[in-house]
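Quick setup: one chain, the form predicted on its own, written in structure tokens, and binding and motion questions come after.
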Amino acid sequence: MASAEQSPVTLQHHNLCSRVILLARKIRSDVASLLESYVERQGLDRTISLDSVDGVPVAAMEQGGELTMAEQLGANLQAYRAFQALLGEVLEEQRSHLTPLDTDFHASIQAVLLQVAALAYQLEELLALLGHSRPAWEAAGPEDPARRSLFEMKLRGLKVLQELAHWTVRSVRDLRQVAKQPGLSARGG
């Protein structure tokens, strides 16, 4: 009966949050499989330190309690926009330098890339539905892969996939909070 009393915007808000959560979970599952495949194909150990790899959004939540819901959604959107560009670079490095003949592996990376693009789009829709503007986005130009050794490319790809997996967990948690707060736009944050 409570759902009959909800406004169409509230229902749309809950439906969109649910779709984004499902997509984030799907990405998490696909990235977990891709990570296993990536480590095997690149001959890496998953426990290798990736502290030296820069330029990948980290999903740490030190400020989580200090951010408004709109800021959390904006941070998620910024991260997925960055991952979209980073996965494109990882895919190009795989095709050009690391696994040029492994088209099935490239297709797996491409599939995750498309899912990340869809998630970013749905986050933009959610921000608009809640009455918030999208954060400005200026994509950094792709780094020159010639500046990195093959080993550095492998490490960077591993870090991109690991952090993407962490972001999906953070996103699900953030979106559950958003789904519980239908009056978010009225609060202004």
Partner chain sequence: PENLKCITHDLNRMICSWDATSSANLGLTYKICYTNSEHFSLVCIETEGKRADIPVTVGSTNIRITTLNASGTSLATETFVLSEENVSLIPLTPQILNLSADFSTYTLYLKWNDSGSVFQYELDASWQIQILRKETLETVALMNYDSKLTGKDSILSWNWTSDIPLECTSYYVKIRCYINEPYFTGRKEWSEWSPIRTVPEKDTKPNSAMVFPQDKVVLVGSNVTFCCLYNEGESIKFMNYGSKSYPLLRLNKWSSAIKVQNVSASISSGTNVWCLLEPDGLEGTVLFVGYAPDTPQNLNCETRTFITITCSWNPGRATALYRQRQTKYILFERISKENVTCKVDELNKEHYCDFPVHANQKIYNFTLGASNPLGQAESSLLIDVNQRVHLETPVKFTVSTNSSTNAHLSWYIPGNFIQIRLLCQIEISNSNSERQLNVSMAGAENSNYRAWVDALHPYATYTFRVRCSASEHFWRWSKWSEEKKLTTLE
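As the structure is a computational prediction, the values presented were derived from the model and not from experiment. Residue numbers count along the first chain shown, from 1.
Below, we refer to the form predicted together with its partner chain, which is not included among the displayed structures.
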Counting only non-hydrogen atoms, choose the one of 160 to 168, 23 to 31, 124 to 132, 45 to 53 that falls within 4.5 Å of its partner chain in the model of the complex.
-> 45 to 53
Of 118, 112, 98, 85, which one comes within 4.5 Å of its partner chain in the model of the complex, counting heavy atoms only?
-> 98
Could you confirm whether residue 154 comes within 4.5 Å of its partner chain in the model of the complex, counting heavy atoms only?
-> yes
Exercise: residue 149 in contact with its partner chain in the model of the complex, heavy atom 4.5 Å | yes
Should residue 40 be classed as touching its partner chain in the model of the complex when contacts are defined as heavy atoms within 4.5 Å?
-> yes
